[in-house]
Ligand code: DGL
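Before any questions on binding or motion, here is one chain by itself as structure tokens, the form predicted alone.
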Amino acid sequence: MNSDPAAPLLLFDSGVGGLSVLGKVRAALPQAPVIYVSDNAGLPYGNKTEAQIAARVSGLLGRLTERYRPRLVCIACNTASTIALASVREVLEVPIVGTVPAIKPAAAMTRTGVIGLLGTEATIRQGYVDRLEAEFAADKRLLRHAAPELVAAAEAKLRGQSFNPAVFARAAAALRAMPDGERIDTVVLACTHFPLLERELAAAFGPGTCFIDGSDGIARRIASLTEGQSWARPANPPGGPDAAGPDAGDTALFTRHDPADEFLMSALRHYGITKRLVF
């Protein structure tokens, strides 16, 4: 592990969804320097093949860790984690924390025994999800629905763009229409984009429905793995020496230049990010 006090945490996602994880990490480790990576050139991941995702994530994280030498990498993306986590851990000599659907805590929370799960197409079909269900929710009913429209809605929301509000009603209706769907009282948000839309989803599902995602557990895991380590803002952070200083914020890296990302800065500043670069 990199012992440099200025070595950052690197959080990686296909888009802005990982900000829901960054918010919890920032609350747990306010002093930690962070590089947030958005692979907007590869977005969305949910409609790609497993081979495409594994190759892309492994390649990008290899180059990113070589250049920025983080002390820890968090794959803040359910799709990337369920597909590529094992292979990334084999090739990178840095602690890797993944994101997996919060089926275990959902099974402990549900009162009716019926759990809904919203994710991408790629996530909900993974054997990893099957194994989590068998291990932690074998005596429950887990209903899965792919909701790629929600990824686009979250991306648009943080950019201040318009989106069709009917996407939330469609996601709720799809789960409710499944056998026993009317008894769902707990919904697993199995995409890091989706907690950014929890208010809208809560309105669509109606009262009495609880939502859970993996961000709290991720933050606890990162805090545990870095316990006792020293932290310091880098003297020359990504973005150049003009961005340095005791009040300098963190950096967001994008894999593609998009003029619309200019409108993300107000949202990024909410998470302590003040610099935006293209990797």
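When you see a residue number, it is the position in the sequence shown, counting from 1. What you see is a predicted model, and the numbers here were worked out from it, not measured in a lab.
What follows is about the form predicted together with the ligand, which we do not show.
Given a 4.5 Å cut-off on heavy atoms, tell me which of 102 to 110, 184 to 192, 162 to 170, 131 to 139 is the interface stretch with the ligand in the predicted bound form.
Of the stretches listed, the one contacting the partner is 184 to 192.
Within 4.5 Å, heavy atoms only: does Leu60 come near the ligand in the predicted bound form?
Close contact is absent here: in the predicted bound form, Leu60 is far from the ligand, nothing within 4.5 Å, heavy atoms only.
Given that the ligand is not shown alongside this chain, does Ile83 nevertheless sit within 4.5 Å of it in the predicted bound form, heavy atom to heavy atom?
Ile83 lies outside the contact set for the ligand.
Taking heavy atoms and a 4.5 Å cut-off, does Val151 contact the ligand in the predicted bound form?
So Val151 counts as contacting the ligand.
Does Leu43 reach the ligand in the predicted bound form, with heavy atoms at most 4.5 Å apart?
Taking the distances in the predicted bound form, the answer for Leu43 is yes, it comes within 4.5 Å of the ligand.
Just give me the residues of 73 to 109, first to last, that have a heavy atom within 4.5 Å of the ligand in the predicted bound form.
Contacting residues: Cys77, Asn78, Thr79.
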